[in-house]
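Quick setup: one chain, the form predicted alone, written in structure tokens, and binding and motion questions come after.
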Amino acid sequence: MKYKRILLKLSGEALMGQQQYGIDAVRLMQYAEEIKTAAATGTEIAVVIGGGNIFRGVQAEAFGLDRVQGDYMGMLATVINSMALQSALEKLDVNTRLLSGVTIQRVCEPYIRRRALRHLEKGRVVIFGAGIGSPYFTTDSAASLRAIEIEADVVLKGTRVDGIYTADPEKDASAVRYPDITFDEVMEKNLNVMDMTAFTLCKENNLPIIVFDMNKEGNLQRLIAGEKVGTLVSMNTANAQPSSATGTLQPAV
């Protein structure tokens, strides 16, 4: 086991599966199974899920809504996804706690750092809902901030693709994947990994990020065991050059 404690970031869109909206039950249970298997290794796991399958705060202005109100709506969407994942994990007999950045007393605990740490130490999977509880911050930023607060070893960004590419391979057939890359190189090359606030938080706190394909069975467990999966972003990666691997899309934020 390479990592003692991880923060797993999942996109809300990934929960749609083959649907156009909402939560796909098959995909939800697939993720729950992957987390259960990984937790069985003894690694402490925290999770942040986006809400894009239900509502994004940035959509608010397009609808004529106030952006701040829209962001709070987006936070509630992440709580819905978090509740769904919690329920799926509990069906698999995984002890799980949902902590929210916005107080919703009847369905989840308020986020308190010491409480989150205690849950993790007891072997419970901890899900962080409602982002950081403030507008204008994405769930990527929430993932980075919570990972730093709980002293996670790494942020694992589970997407539908297998890493970071030189370009969008759907548009550029010559696009190749980076097995390793530094924070500075990501910024220099303007690669799409996380929003800049989230990315800078990780860089300033020397918190590595791994972008990987969450939809491939066993990837999460292999990562925790120390296998080379996806693309590692760190402070000092020697000879960070793209590999010859190919894919279909750049990682979704």
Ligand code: UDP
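Note that the structure is a prediction, hence the values are computed from the model and not measured. Residue numbers here begin at 1 and follow the sequence given.
The same protein also exists as the form predicted together with uridine-5'-diphosphate (UDP); that form is not shown, yet it is the one meant from here on.
In summary, among the residues Arg222, Lys216, Arg56, Arg27, the only one with a non-hydrogen atom within 4.5 Å of uridine-5'-diphosphate (UDP) in the model of the complex is Arg56.
Shown without its partner, this chain lists Leu120, Ile132, Cys108, Ile181 as candidates; in the model of the complex, only Ile132 has a non-hydrogen atom within 4.5 angstroms of uridine-5'-diphosphate (UDP). Look at 184 to 192, 63 to 71, 224 to 232, 30 to 38: in the model of the complex, residues with non-hydrogen atoms within 4.5 angstroms of uridine-5'-diphosphate (UDP) sit in 63 to 71. By the criterion of a heavy atom within 4.5 Å, Met75 is counted among the residues contacting uridine-5'-diphosphate (UDP) in the model of the complex. With a 4.5 Å cutoff on heavy atoms, Thr138 counts as touching uridine-5'-diphosphate (UDP) in the model of the complex.
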